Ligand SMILES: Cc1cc2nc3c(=O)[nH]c(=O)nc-3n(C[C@H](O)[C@H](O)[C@H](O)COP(=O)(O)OP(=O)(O)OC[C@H]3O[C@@H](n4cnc5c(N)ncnc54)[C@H](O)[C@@H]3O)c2cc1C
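Shown here is one chain on its own, the form predicted alone, set out as structure tokens.
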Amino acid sequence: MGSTASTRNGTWRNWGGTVSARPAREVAPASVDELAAVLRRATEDGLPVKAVGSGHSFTSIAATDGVLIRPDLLTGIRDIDREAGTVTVEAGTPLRRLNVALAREGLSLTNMGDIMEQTVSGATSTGTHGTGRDSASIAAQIKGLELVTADGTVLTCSEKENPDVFAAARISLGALGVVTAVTFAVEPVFLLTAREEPMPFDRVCAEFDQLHAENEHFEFYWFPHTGNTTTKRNNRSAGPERPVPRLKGWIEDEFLSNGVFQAVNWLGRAVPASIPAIAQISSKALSARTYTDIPYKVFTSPRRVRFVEMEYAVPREALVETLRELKAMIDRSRLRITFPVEVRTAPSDDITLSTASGRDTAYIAVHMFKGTPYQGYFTAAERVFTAHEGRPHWGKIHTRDAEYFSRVYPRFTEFTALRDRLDPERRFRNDYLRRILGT
């Protein structure tokens, strides 16, 4: 993903172009004390408050007509504790900057998602994840956080300090307060060997359990209108470091995966009937490759073609059945899909509203090119996902509400009760939170 959200003529827009808002005022506090003062003034003025990251959520989770808090000045590393194996970072720090800084210090996160433009607080608050057999989402790597509540109180939270808040605030949805700093578990930097290769859809489904069990990080992309997938296996390596050669990387990751793919989507949007034939070509465009590099250079990829996205988390044991149902739905429909369907996994975690809370999880993400009607596809896909008790990604398009979430999240009322305690006046309210949390 390239550039982030923008504000023009007083209107804020997210990266995907799906959300816009006109806040009464925007502020960029330079310290926790300044932020607390902003919250107290908003209370005096009777205005709601939302903190926004880089705008990579497709939902209106950060939209407000009140006070929009930008974290641009709350950036940088506060502390590295090598003995404890932690790093404390300001919440507005982009993941790209954090990854580069950690690598410079010979450190790394254990796992991460595939983009780096998000801020630390935005990524964690919405449940951003990568793929992993044993290692979970970015939020699951949090060891502590600092949260400013509606009345300006600064809470520090961990398993030992305010543990009930910590259990929920790692994925807070912006509903509990403004996260100002996060302490992550880190480890000495290591090498990953990535093996990328095509594989037939039916083989991936038949061998999924084995592929998941044999690899630390396994994911694949299925190309609708074809029986083809591209798989990626990432595993720790003793080395030596063998990165993708610069020219080859530019050709495959920039020219083909972004430049040509952009042109393909333009053509598909103009001539939908051409999409199945294009998909057959696209699914075979990238050749197999193997490379070894430090984690963030393996986990992350440039994403410059703009899109809209829906992603659901289903129980891992239901993945193959769910994916086959999705494929059957597309095959019998008149839908024309240019973007591949992305499949990843995560182990169970203990975060109250994590999409992997209490169950081993598989993620299925569907995308449409920006500017292409997506509602029909997403509505049909959502029916498939919810039939398997799917949990939508909090930052991606969905139509579920509090009644649904109270059924698929056993600890849902635990979160809402904490919200009642920390924000009884609903200072951090907006329409999205009202829908998904009830009030």
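A residue's number is simply how far along the shown sequence it sits, counting from 1. The shown structure was predicted, so the numbers you read here are calculated from the model rather than taken from an experiment.
Separately, the form predicted together with the named molecule exists; it is not shown, and the next lines address it.
The closest non-hydrogen atom of Arg303 lies within 4.5 Å of the named molecule in the predicted complex. In the predicted complex, the named molecule sits within 4.5 Å of a heavy atom of Leu173. Ala91 belongs to the set of residues with a heavy atom inside 4.5 Å of the named molecule in the predicted complex. Contact check for Val52: a non-hydrogen atom falls within 4.5 Å of the named molecule in the predicted complex. Residue heavy atoms within 4.5 Å of the named molecule in the predicted complex occur in exactly one stretch of 260-268, 173-181, 284-292, 100-108, and that stretch is 173-181. When you look in the predicted complex, the only residue of Phe166, Phe307, Tyr296, Phe201 with a non-hydrogen atom within 4.5 Å of the named molecule is Phe307. With the partner omitted here, the residue from His225, Arg344, Arg316, Lys143 that has a non-hydrogen atom within 4.5 angstroms of the named molecule in the predicted complex is Arg344.
Shown here without its partner, the chain carries Ala42, Gly66 and Arg427, none of which come within 4.5 Å of the named molecule in the predicted complex through any heavy atom. Contacts between stretch 85-119 and the named molecule, counted in the predicted complex as any heavy atom lying within 4.5 Å, involve Ala91, Gly113, Asp114, Ile115, Gln118, Thr119, listed in sequence order.
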